[in-house]
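As a starting point, one isolated chain is supplied in structure tokens, in the form predicted alone.
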Amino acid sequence: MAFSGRTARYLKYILIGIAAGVANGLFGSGGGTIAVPAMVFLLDAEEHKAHATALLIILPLTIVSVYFYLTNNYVDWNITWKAMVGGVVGGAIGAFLLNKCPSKILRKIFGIFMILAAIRMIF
């Protein structure tokens, strides 16, 4: 069964979304680590657009995941409020830096971050 180019592209969108959603729901984050490389390598998205698009993909995934975490009482509110303040500041700084950083450098920084995170998770 052969798919047209358009159908294949829509299937890629859906599969990227499913993979990002499962990672987000299962690990509490990680949607971006799936969505960004998938958009860059599978959809030939430009690096900056992939990072920005991933954030908007992650938003509804996060809302759904948060609902399940809240209903199962897995949230530590004492940590949440404090980290949220830093997260908002860090998000603004990161978005500002995204505009300044060339795609080639951004890709390398993201790759190094992913490798360090993987090493940290293993050891």
Partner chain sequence: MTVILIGLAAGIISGMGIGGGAILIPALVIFVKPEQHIAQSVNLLFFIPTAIVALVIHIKNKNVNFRMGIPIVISGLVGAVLGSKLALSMNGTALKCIFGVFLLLMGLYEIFGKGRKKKVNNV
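Superpose the two forms; the largest set of C-alphas matching within 1.5 Å is the rigid core. Quick caveat: nothing in here was measured; it's all calculated off a predicted structure. Positions refer to the first chain, counted from 1.
Although not depicted, the form predicted in complex with the partner chain is the subject of the following passage.
Residue contact check for A118: one or more of its heavy atoms lie within 4.5 Å of the partner chain in the model of the complex. Within 4.5 Å of some heavy atom of the partner chain in the model of the complex lies at least one heavy atom of I122. Along 10 to 40, a non-hydrogen atom within 4.5 Å of the partner chain in the model of the complex is carried by Y10, Y13, I14, I16, G17, I18, G21, V22, A23, N24, G25, L26, F27, G28, S29, G30, T33, I34, P37, M39, V40, in order along the sequence. Core-aligned CA deviation for R107 between this form and the one not shown: 2 Å or greater. Relative to the superposed rigid core, the position of the CA of A95 differs between this form and the one not shown by 2 Å or more.
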